Ligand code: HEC
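Single chain ahead, by itself, as structure tokens, in the form predicted alone.
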Amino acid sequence: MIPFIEKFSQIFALIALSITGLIVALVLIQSNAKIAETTPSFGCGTVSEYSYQDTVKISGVTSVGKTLFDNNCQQCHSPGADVVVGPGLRGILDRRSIEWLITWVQNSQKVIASGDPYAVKLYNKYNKTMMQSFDLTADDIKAIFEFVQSYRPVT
């Protein structure tokens, strides 16, 4: 009968250790999740030549702009000066008004067809590559350009 009690106490000790280990693991996972929520993430191991000027103080509009830029613009444009398919966007608000940019993003073909000198120059400079029209609101486009303006080269 004593061997049975010894085995039972060993099984009980193993169960108690397992439960303790699970509790510790859950606490660690929970604390790591809280740390991850407050730590900025920049994607799946991608390295960019640019970063936010201040990663702690990113406005909601800039965050929305980043998402919109990533989903609609980055295939053809960099937020810096680098040419991808189309021109880099650094300093674009020094060259064009936001109103012009909204019209351009929503329907660049219409702006070119209107004879706008800057639009025609861009079209010719980039091998007559037609920029697609985007069904974005004026606020969406403003958010994209706020995001572009927030980029600074990593030094």
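Source: prediction; values computed, not measured. Sequential numbering from 1, following the sequence displayed.
Beyond what is shown, the protein has a form predicted together with heme C (HEC); the following relates to that form.
Since exactly one of T137, S9, S18, Q132 fits, which has a heavy atom within 4.5 Å of heme C (HEC) in the predicted complex? If I apply the 4.5 Å criterion carefully, the residue I get is Q132.
Using a 4.5 angstroms cut-off on non-hydrogen atoms, would S78 count as touching heme C (HEC) in the predicted complex? Close contact is absent here: in the predicted complex, S78 is far from heme C (HEC), nothing within 4.5 Å, heavy atoms only.
Contact test in the predicted complex: V111 vs heme C (HEC), heavy atoms, 4.5 Å: No.
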